[in-house]
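Listed next as structure tokens is one chain, alone, in the form predicted alone.
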């Protein structure tokens, strides 16, 4: 007969409300256990938190500085305030600095936080010492996904998904410093010449469309991408016996993108190249596919 281990509970206070959470929980988990929330950008529920974006900061009584809720562990007796004027000012500055350095027009979370905290990124323009980040054309070097570095907020989600937390490909990392910092496969190589296996898991975790499926990129450019008209249909991947669940995003009776549900215990939101991109055969030979009978999308390069 096995016994369940009893995890010690820690009691803290969130905005005056007493809450108990398991020992080693983060402040973010405690805040959510109290029925509240704080904004997050670099945080992803399947990845280890790293506290890169600093938009989730909160006030902890006795702490000289604001602390990031996603990585700070709860301690017994902590008193946390999540929405003080000091916290609001800090979050507004984070959003303003992001909006002032990259294109966040397709980043719904950033835009929502900007409206919530009254961000005015233009007020920082007179203080810019190095000038705006250089503009680059989107990198379209393969048939599966596009890299638009002018939309990248350096949240590191893609790097972590490519590394030991998910894919173990280690195909990308942060290169450069300051305004020249960017996510790169090494020496500005095209993706087909890099270690990328085109699983698209970096695309799945990107919050700003800096990494985006090529179909979605092309439809946006043509003005035909309309998420409000899309339906999501859940099915099982047909390629192997693992049984990964797929969410098919369908617009005008055509699949336009494939994702995986985060809550699925098999995929946790991640897929292989076939599951994520190998769906174009569904429409092969149709009127909308003049190529007729085309093969499914396959990764370029070294696969």
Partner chain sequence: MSAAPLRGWGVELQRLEHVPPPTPEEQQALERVWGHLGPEERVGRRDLLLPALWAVQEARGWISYPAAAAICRELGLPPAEVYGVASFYALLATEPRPRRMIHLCDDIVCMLRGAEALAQTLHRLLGDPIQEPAHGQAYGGISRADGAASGEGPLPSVGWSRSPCLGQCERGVAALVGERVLLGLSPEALEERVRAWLRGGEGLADATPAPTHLGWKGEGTPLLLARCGRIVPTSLEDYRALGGYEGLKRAMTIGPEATIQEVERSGLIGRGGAAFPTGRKWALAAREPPPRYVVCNADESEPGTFKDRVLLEKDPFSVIEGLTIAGYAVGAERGYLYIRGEYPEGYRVLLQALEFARAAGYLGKRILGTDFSFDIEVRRGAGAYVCGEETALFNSIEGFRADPRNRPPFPTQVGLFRRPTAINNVETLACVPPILARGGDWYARLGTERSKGTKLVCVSGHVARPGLYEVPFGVPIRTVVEDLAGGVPGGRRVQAVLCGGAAGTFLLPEELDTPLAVETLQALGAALGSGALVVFDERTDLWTVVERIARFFRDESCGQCVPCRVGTQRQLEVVAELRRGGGRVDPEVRRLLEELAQVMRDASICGLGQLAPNAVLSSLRLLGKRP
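Quick caveat, the model's predicted, so the values are computed rather than measured. Positions refer to the first chain, counted from 1.
Although it is not shown, the form predicted in complex with its partner chain is what the next lines describe.
*Heavy atom within 4.5 Å of its partner chain in the model of the complex: which of 34, 28, 60, 52 fits that? Just give me the one.*
After the contact test, the surviving option is 52.
_One residue of 138, 186, 108, 77 in contact with its partner chain, assessed in the model of the complex (non-hydrogen atom, 4.5 angstroms)_ = Looking at 138, 186, 108, 77 one by one, just 186 meets the 4.5 Å heavy-atom criterion.
*Triple contact flag 89, 149 and 172 to its partner chain in the model of the complex, non-hydrogen atom at 4.5 angstroms*: Every listed residue reaches its partner chain in the model of the complex, so yes.
*How about residue 176: is it within 4.5 Å of its partner chain in the model of the complex, going by heavy atoms?*
Contact check for residue 176: yes, within 4.5 Å of its partner chain in the model of the complex.
*Within a 4.5 Å heavy atom cut-off, is residue 222 in contact with its partner chain in the model of the complex?*
The answer is no: residue 222 has no heavy atom within 4.5 Å of its partner chain.
*Indicate whether its partner chain has at least one heavy atom within 4.5 Å of a heavy atom of residue 154 in the model of the complex.*
Looking in the model of the complex, residue contacts with its partner chain include residue 154, since a heavy atom lies within 4.5 Å.
*Close approach of residue 123 to its partner chain in the model of the complex, 4.5 Å, heavy atom*: The answer is yes: residue 123 has a heavy atom within 4.5 Å of its partner chain.
_Heavy atoms within 4.5 Å of its partner chain in the model of the complex: which stretch in 222-230, 161-169, 204-212, 110-118 meets that?_
Residues of 161-169 come within 4.5 Å of the partner.
_If you apply a 4.5 angstroms heavy atom cut-off, which residues in 187-226 are near its partner chain in the model of the complex?_
Result: 187, 188, 189, 190, 194, 195, 196, 197.
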